[in-house]
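Okay, so here's just one chain, in structure tokens, the form predicted alone.
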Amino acid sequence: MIGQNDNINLEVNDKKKIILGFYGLFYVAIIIIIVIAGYSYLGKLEGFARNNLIPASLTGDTTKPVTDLPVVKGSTTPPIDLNSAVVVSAEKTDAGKKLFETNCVSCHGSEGKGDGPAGKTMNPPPRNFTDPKGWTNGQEFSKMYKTLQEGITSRGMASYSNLLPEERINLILYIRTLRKDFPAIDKNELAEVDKAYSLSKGLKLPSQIPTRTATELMLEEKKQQETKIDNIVNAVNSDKTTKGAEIFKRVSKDIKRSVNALASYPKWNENETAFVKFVSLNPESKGFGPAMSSVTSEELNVLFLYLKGLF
């Protein structure tokens, strides 16, 4: 009887192990299904956010080649009379509205409430123009102009210095229509704006060239500079007769480094005093050795004239 009971107990235990193993596998399968479903949901959520919250104009088509900047010749904007420029008219606010729709809606929203699609991912959120509280620079005309001119880096507000002064003013005039209690514009703050940005004198706008062209010009300039330095170094090393060359080789531990240092600061050749001051400041970093401190006044003059002739 005891042996038979033991066999029965072993059979029961084996059945329990099988059942528990089955439930264990069942729960593992459930967990795996949940994880897969979660990843699938997150992927769809990311796609939804990309397609619905961020306008196509902001993401763009990354398969298309990027159009470079056009060549724009520098110009001078005409002087602006701020006192008349801030006088509200339908023409000015309409122009400002078009600028707002082009430059501001994506972050600040179509009604200026800071609820634009791109602004939903920003922290802190974009300015709500309909709320008089919490303005970083202030809501006065002069403060708004400063914001457009300089931007607010800490809040992700870009500078709109690319706009003409008249366009920035029209944009502000339109924004001021989004609420009725903006502070009145007085002559004192207009004088401050004019003093800060010289609007009554007109602005000089620099020429604009394509990024690729600018890069090519910089590379070419660097190449020319490197060629000039190599030519000077070769001239010094091959000069076996000139007194200046002999002195230079004696006081410099690294001719090319010394030539590079001299080429990077052309003001040293204004006079001998400027040369001595330049070389004496951290001479080791400029390739000059201890022998520099032992040259005589006459040798120093010969060295200065020799190097000035090379450059």
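Heads up: residue numbers just count along the shown sequence, starting at 1. Computed from a predicted structure; not experimentally measured.
Keep in mind that the form predicted in complex with heme C is missing from the display, and what follows is about it.
Engineer: Among the candidate stretches 98-106, 235-243, 186-194, 78-86, which one is within 4.5 Å of heme C in the predicted bound form when only heavy atoms are counted?
Structural biologist: In short, 98-106.
Engineer: Please determine whether each residue of Ala261, Gly287 and Ala291 possesses a non-hydrogen atom within 4.5 angstroms of heme C in the predicted bound form.
Structural biologist: No, the candidate spot makes no contact with heme C.
Engineer: According to a 4.5 angstroms non-hydrogen atom cut-off, is Thr93 in contact with heme C in the predicted bound form?
Structural biologist: So Thr93 does not count as contacting heme C.
Engineer: Look up in the predicted bound form whether Ala214 has a non-hydrogen atom within 4.5 angstroms of heme C, and give yes or no.
Structural biologist: Output for Ala214 is no: heavy atoms all beyond 4.5 Å of heme C.
Engineer: Evaluate Arg155 for contact with heme C in the predicted bound form, applying a 4.5 angstroms cut-off between non-hydrogen atoms, and reply yes or no.
Structural biologist: Arg155: contacts heme C in the predicted bound form.
Engineer: Determine whether any heavy atom of Met122 comes within 4.5 Å of a heavy atom of heme C in the predicted bound form, and answer yes or no.
Structural biologist: The answer is yes: Met122 has a heavy atom within 4.5 Å of heme C.
Engineer: State the residue from Asn231, Gln225, Thr136, Gln208 whose non-hydrogen atoms include one within 4.5 Å of heme C in the predicted bound form.
Structural biologist: By the 4.5 Å heavy-atom cutoff, the listed residue in contact is Thr136.
Engineer: Note that heme C is not shown here; using its position in the predicted bound form, name the residues of 166-201 with a heavy atom within 4.5 Å of it, in sequence order.
Structural biologist: Sequence-ordered list: Leu171, Ile175.
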